[in-house]
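We begin with a single chain expressed as structure tokens, specifically the form predicted on its own.
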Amino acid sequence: MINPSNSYLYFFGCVIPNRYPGIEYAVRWVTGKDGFNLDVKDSQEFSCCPVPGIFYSTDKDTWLLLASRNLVLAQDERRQILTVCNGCLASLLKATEYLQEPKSMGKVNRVLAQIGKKYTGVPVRTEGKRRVFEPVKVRHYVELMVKDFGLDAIKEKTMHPLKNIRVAVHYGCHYLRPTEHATFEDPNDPVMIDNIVKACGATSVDYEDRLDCCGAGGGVRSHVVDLANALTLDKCAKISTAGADCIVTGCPFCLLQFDNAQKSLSKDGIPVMHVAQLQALAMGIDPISLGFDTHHVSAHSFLRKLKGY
């Protein structure tokens, strides 16, 4: 595949900057000059996406308004949004679909006008005297890597193949079903993260109920934490049976749930990381840069297996 010419704004969301800064470092490194050299920059004005499991479920008007403001920031920059979180993907992508309804867009814009902003979408062409607009594009890091750069490019960037590492991939609910109308791979048989893992030289292991929720979805973690943790530990037991050295996901909230639920398993916990962290390791980054010391479950056993570390 050819190197993409599109430009992007990073959208890291809430969990990464506040809980797992190592993920942010990995994403910046992989997409930066040491990696794929993407045309991507920050927006200091982004807010929470807002989180779909809470805002969308309880107050759709507030949810849509906050999400729309984020979309306007990308729209005015003529850039796509690059997110590394499943929840942020679902929230922002769902908002672009709501805003295609004229009544929803008008209602939102009446409020946005109070802060000097307006959502229109991105102009793409002119037909006579009429300008044609498209929704602001929202891209997931995984989709961008696989569809825009391609697995061959990921392999070429792999300087330290993870040949002896067995990985259990967790996709997460919002990744598989981001909206009622959009998806970017088969939700019943997803392969993109598995293929990134393989391109990095590691082995993706199959395990029972691999597409099950991490345990935290639908606000369960916020309201019934014991149930959330029980669901997580059940999934971890199946992953352990498969002989995985680590869990890899594209969602920081799923990562947070796996990491927190295993706190009581100090000796038997399975290290969990974002796919960008795994990719950065394969590309030769110093592991100390990836913030594994901020994780509850130690990554020492995993790192010891990496040849040369």
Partner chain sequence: MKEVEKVFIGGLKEELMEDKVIDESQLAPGFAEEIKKYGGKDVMTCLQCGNCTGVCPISLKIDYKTRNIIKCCQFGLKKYILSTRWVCATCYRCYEHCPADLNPAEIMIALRHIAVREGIIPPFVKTAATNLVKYGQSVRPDEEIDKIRRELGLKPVHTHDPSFKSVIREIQVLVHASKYDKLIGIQEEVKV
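Positions refer to the first chain, counted from 1. Because the structure is predicted, anything quoted here is derived from the model rather than measured.
Absent from the display: the form predicted together with its partner chain. The rest refers to it.
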Original post:
Which residue among 237, 132, 224, 151 has a heavy atom within 4.5 angstroms of its partner chain in the predicted complex?
Top reply: 224
Original post:
Hey, of 143 to 151, 179 to 187, 158 to 166, 80 to 88, which bit sits against its partner chain in the predicted complex at 4.5 Å between non-hydrogen atoms?
Top reply: 179 to 187
**OP:** Give a yes/no on whether residue 298 approaches its partner chain to within 4.5 Å in the predicted complex, heavy atoms considered.
**Re:** no
**OP:** Look up in the predicted complex whether residue 121 has a non-hydrogen atom within 4.5 angstroms of its partner chain, and give yes or no.
**Re:** no
**OP:** Examine residue 263 and determine whether its closest non-hydrogen atom to its partner chain in the predicted complex is within 4.5 angstroms.
**Re:** no
Subject >> its partner chain contact at residue 57 in the predicted complex, heavy atom, 4.5 Å >> reply: yes
Subject >> Site test, 192, 203 and 276 vs its partner chain in the predicted complex, non-hydrogen atom cutoff 4.5 Å >> reply: no
Subject >> Residues within 4.5 Å of its partner chain in the predicted complex, restricted to 30 to 47 and counted by heavy atom >> reply: 43, 44, 45, 46, 47
Original post:
Shorter or longer C-alpha distance for residue 167 and residue 182 in the predicted complex, given it differs from this form by 3 Å or more?
Top reply: closer
Original post:
With a C-alpha distance change of 3 Å or more, do residue 181 and residue 174 lie closer or farther in the predicted complex?
Top reply: closer
